[in-house]
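Quick heads-up: it's one chain on its own, the form predicted alone, in structure tokens.
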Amino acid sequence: MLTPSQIDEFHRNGFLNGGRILTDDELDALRADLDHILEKGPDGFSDAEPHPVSFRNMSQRGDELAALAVWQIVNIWEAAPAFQQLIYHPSIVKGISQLTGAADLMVWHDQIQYKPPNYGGATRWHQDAPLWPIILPMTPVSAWIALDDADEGNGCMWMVPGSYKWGDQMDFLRTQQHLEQRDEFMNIEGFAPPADSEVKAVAPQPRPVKSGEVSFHHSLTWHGSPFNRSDRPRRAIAIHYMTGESRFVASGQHLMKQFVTLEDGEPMAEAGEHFPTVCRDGEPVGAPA
């Protein structure tokens, strides 16, 4: 359970470190499952076995930084038992319910982001909700769980306090895609917050998260992370949730659309097994046996 002061902090800033929620044994199981998936690689799964929805290097591109890697694995929960347990974790689910005020929650999707030692790439400044155009209203809050200590040295997330109150600013953030190095990541320039906003300044700050801790952030909070040039890995998973109000938007495009057979405007609560219910009437339902 989050305290009233923690909830106030989240609504003030658009993010919150919710503290440690995983035991050493749970962390060991998650790391082992992730290592197994990474060893198999994107092409190591047969059609007959459970596999993630997507497995790719987000840093692949045609410039001098092409050797960098940020491995993104979407819906690892469908391929790894420890991660299936994690999406139902009562502390995560209850925290999301408290921060959204939603009694019913479903999984939208999860997303591993693994930055290898020495050559881990950057995750550029962005907001989440504008990248998810097949669901409305926007998915409000995500949980980000560190499997290694994530700090400034190995490419922890940075966030901008209060930025979620400025609306959809992805067009502007795309102009800041050159910011990738640790010593330049805070240099966001050229944006003036709306005149009626209570937050008047763009003030990026690093948000270290220790292994086993959960960090919550709003889906419109500006966030990203620079290169990992350290000799330590940075393994983490973001779990994105939907509220019971979420509806399908047929005109949008997204990786998860292939699993949705609904008509436009129908509730995502009826979208099927790829979007499991994790909270009902304000209480976590618990992982299936």
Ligand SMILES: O=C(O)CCC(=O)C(=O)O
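Source: prediction; values computed, not measured. Throughout, we count residues from 1 along the sequence that is shown.
Another form exists, predicted together with the ligand; not displayed. Remarks below refer to it.
Visitor: Can you check whether residue 157 is within 4.5 Å of the ligand in the model of the complex, heavy atom basis?
Guide: It does: once the ligand is placed as it appears in the model of the complex, residue 157 has a heavy atom within 4.5 Å of it.
Visitor: Although the ligand is absent from this view, report whether residue 98 comes within 4.5 Å of it in the model of the complex, heavy atoms only.
Guide: Taking the distances in the model of the complex, the answer for residue 98 is no, it never comes within 4.5 Å of the ligand.
Visitor: In the model of the complex, is there a heavy atom of the ligand that lies within 4.5 Å of any heavy atom of residue 169, even though the partner is absent here?
Guide: Heavy-atom contact with the ligand at 4.5 Å: absent for residue 169.
Visitor: Could you confirm whether residue 256 comes within 4.5 Å of the ligand in the model of the complex, counting heavy atoms only?
Guide: Outside the cut-off, so no.
Visitor: Though the ligand is not shown, can you say which of 126, 165, 207, 94 has a heavy atom within 4.5 Å of it in the model of the complex?
Guide: The residue in contact is 126.
Visitor: Which one of 113, 176, 211, 85 is close to the ligand in the model of the complex, taking close to mean a heavy atom within 4.5 Å?
Guide: Selected option: 113.
Visitor: Where does the ligand sit in the model of the complex: which of 42-50, 257-265, 244-252, 220-228, heavy atoms within 4.5 Å?
Guide: Of the stretches listed, the one contacting the partner is 220-228.
Visitor: Any residue of 223-240 with a heavy atom within 4.5 Å of the ligand in the model of the complex counts; write them all down in order.
Guide: Heavy-atom contacts within 4.5 Å come from 223, 225, 234, 238, 240.
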